[in-house]
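Below, in structure tokens: the form predicted on its own, a single chain.
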């Protein structure tokens, strides 16, 4: 089945916000084995909506529209769709009562413009909104279907999963294939090198699709198998994934919805180890990522941002003579930071990062992007040196990634 997505809002076409809805919907459509042939964003303008919607309807079986269902004057999607299809609007009294009751329950003042959200094109099938005031609706158009839901991302995601997908399956029975998918998350290998590593694999010949999705500083590889039944889709997927695993094993750190910080956290908790972190150039980013994981208090004891030399000496016990002789950005300092934070917190492990994020501060010996990271336990210390080439923010992000990879490798004995 061919589908299209149209997102509506001046805030989208002026670049004030990013379009989150299209990504969520496209991913959900893809997971059903259907095809998204186009994604179009238009402003809150009836003429532009008509131009886009007519074009999409000529090519797609179903068009999913988000946005423009609010109570304000610039919310014109419902009226625009009705005009395009030559349908009158009607007020649904049950929907109006629900909205008014919701306002009363929340202690909100009612204004008459909110009644606008109870108007729908004649013949529309209402799609309930379980979390907001603006219900969506669906209309048949010839052999095709138009579905309209709100643009608020949390509402759109919920309504798409609970209302739109079931409606699409009901309207187009037999159009969906069985789909099996797996995401490989990689670090340390550029996209072109990943593609080269998979040369000769011939996924199409196996009835499988492989997609490359860079998510800085990671590369995500999505393997999707489609077949007429679930067992065959799973067989095709497993066959291809075994080959991908063989070729890229050393660069894979997580699968599907897992994150690097989640993997590291699980390993620490499984092994019953505690951790303290000392950060300089990353400014607390490693600790922030770890504390995003529920239950991280079981292993994360302390995090210290020791940005200046004075802080490194006072908080981590790095001797002044080491800083003078080797500098704050050095393997010697990184190791002493890891040992120092471990001793200060009384933990099993100490992890540290120190570097030159840029754009200034580099030298011929230590150019911008030079980063050292170290890990210390009660017997030894490990240290890695990197030279990153990005801007300041990206250098911080990729440094946090590399530090967590160091920790993962240690925990897995690699």
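Residue numbers count along the first chain shown, from 1. Rigid core: the largest C-alpha set superposing within 1.5 Å between the two forms. Computed from a predicted structure; not experimentally measured.
The next section is about a form of this same protein that is not shown, the form predicted together with a further copy of the same chain.
Undergrad: What I'd like checked is whether 38, 107 and 310 together line a further copy of the same chain in the predicted bound form, meaning each has a non-hydrogen atom within 4.5 Å of it.
TA: All three within 4.5 Å in the predicted bound form.
Undergrad: Just one stretch in 234-242, 205-213, 79-87, 118-126 has heavy atoms within 4.5 Å of a further copy of the same chain in the predicted bound form, so which one is it?
TA: Among the candidates, contact is made by 205-213.
Undergrad: Considering 258, 320, 74, 331, which brings a non-hydrogen atom within 4.5 Å of a further copy of the same chain in the predicted bound form?
TA: After the contact test, the surviving option is 74.
Undergrad: Given that the partner is absent here, does residue 366 sit within 4.5 Å of a further copy of the same chain in the predicted bound form, heavy atoms only?
TA: No, residue 366 sits far enough from a further copy of the same chain in the predicted bound form that none of its heavy atoms falls within 4.5 Å.
Undergrad: Consider residue 294 of the chain shown here, and say whether it contacts a further copy of the same chain in the predicted bound form, taking contact as heavy atoms within 4.5 Å.
TA: So residue 294 counts as contacting a further copy of the same chain.
Undergrad: Test of understanding: in the predicted bound form, would residue 265 fall inside 4.5 Å of a further copy of the same chain by heavy atoms?
TA: Looking in the predicted bound form, residue contacts with a further copy of the same chain do not include residue 265, since no heavy atom lies within 4.5 Å.
Undergrad: Using heavy atoms and a 4.5 Å limit, would one call residue 171 a contact residue for a further copy of the same chain in the predicted bound form?
TA: Answer no; every heavy atom of residue 171 is more than 4.5 Å from a further copy of the same chain in the predicted bound form.
Undergrad: State yes or no: after fitting on the rigid core, is the Cα displacement of residue 53 between this form and the one not shown at least 2 Å?
TA: It does, since the residue 53 C-alpha is displaced 2 Å or more between this form and the one not shown after the core fit.
Undergrad: Comparing between this form and the one not shown on the rigid core, is the C-alpha shift at residue 151 2 Å or larger?
TA: After core superposition, the C-alpha of residue 151 moves 2 Å or more between this form and the one not shown.
Undergrad: With both forms fit on the core, has residue 130 moved 2 Å or more by CA between this form and the one not shown?
TA: Superposed on the core, residue 130 moves its C-alpha 2 Å or more between this form and the one not shown.
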